[in-house]
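First, one chain by itself in structure tokens, the form predicted alone.
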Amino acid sequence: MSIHNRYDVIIIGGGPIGLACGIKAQDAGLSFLILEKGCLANSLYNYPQTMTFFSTSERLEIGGVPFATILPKPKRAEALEYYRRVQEKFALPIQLFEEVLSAEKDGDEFKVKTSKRTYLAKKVIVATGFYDVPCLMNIPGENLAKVRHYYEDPHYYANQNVVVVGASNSSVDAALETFRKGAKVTMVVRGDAISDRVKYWVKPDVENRLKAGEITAHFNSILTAIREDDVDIQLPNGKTISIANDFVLALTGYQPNLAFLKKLHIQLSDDTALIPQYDPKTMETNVPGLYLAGVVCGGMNTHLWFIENSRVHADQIIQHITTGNT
């Protein structure tokens, strides 16, 4: 692969925080390029089609561009259109469907190799999010076609026997929406209740459906095996039951691409959180000139960072790049 243009900064990830970094780099007069392995705002694109954000629209804004919505909280489609217009407004240079394979330090520069070409950059910002790598259950049958780690639209599951694994926002949304399309829904939950992090206007809805017996939930239970026509569920008393099943929505959470971070020589904490090493004032990692921005900073603790509280990372990083100060 031939070497293409040299840049002051290459930003890996074309989501909201990657775009925010691009806007700040542009304001600072830096040459930069955003590289995204999928479509624009790829992680948001993979959200359920009917998803409503927890945050209000002004907390999702970047670049000083107002995010107008007629709803109290925006939906996925509105967010995708907003970030597309932001990218268009600032004419941010971005290469879509171009995956970064490596970013190795080569003297004072990084040699960034992608699926299509190679670039040189003085600095690299990783803003890759966490939605691309599902947390697997590692049980027999998980590789069957009936198992989905992403949920898109409820109509597909109309009149089917659906098992939803988990009790987070995505799991509860899937359970309620498929139930309302005529699915027979069974939730399998490791804990003893619906998560307290579930959206406050949704939590009473699912709890009422459970009380009414319209949705079945097995708490303190785990899914242990999946077959073409049924699944096994281990109950808290140790007994295993089998129930008829057409689809399993294993919405068990997601994690950053930790293997990619390791490939970049970013050190991870030696506990189960696997939090990457970085300076919280500058967002620079243990690799000089390599920065982290957005939810990727939380490692396995994916509830720590969101769009609204990580937008500031763009300011911190570009300030450090341009002045060397925090």
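Keep in mind that this is a model prediction, so the values were computed, not measured. In this text, residue numbers run from 1 along the sequence as written.
If you look for the form predicted in complex with a small molecule, you will not find it shown, but the lines that follow are about it.
Asks: So in the model of the complex, does any heavy atom of E152 sit within 4.5 Å of the small molecule?
Replies: E152: no, not in contact with the small molecule in the model of the complex.
Asks: Give a yes or no for Y82: in the model of the complex, does one of its heavy atoms lie within 4.5 Å of a heavy atom belonging to the small molecule?
Replies: No.
Asks: Taking heavy atoms only, is L35 within 4.5 angstroms of the small molecule in the model of the complex?
Replies: Looking in the model of the complex, residue contacts with the small molecule include L35, since a heavy atom lies within 4.5 Å.
Asks: May I ask you to state whether P16 is within 4.5 Å of the small molecule in the model of the complex, using heavy atom distances?
Replies: Because a heavy atom of P16 falls inside 4.5 Å of the small molecule in the model of the complex, the answer is yes.
Asks: Tell me, out of L261, I62, M300, M51, which residue has a non-hydrogen atom within 4.5 angstroms of the small molecule in the model of the complex.
Replies: Exactly one residue meets the criterion: M51.
Asks: Which of these residues, M187, L223, A127, A174, gets a heavy atom within 4.5 Å of the small molecule in the model of the complex?
Replies: Of M187, L223, A127, A174, the residue with a heavy atom within 4.5 Å of the small molecule in the model of the complex is A127.
Asks: In the model of the complex, which of the stretches 84-92, 116-124, 131-139, 156-164 has residues with heavy atoms within 4.5 Å of the small molecule?
Replies: Heavy atoms within 4.5 Å of the small molecule in the model of the complex occur in 131-139.
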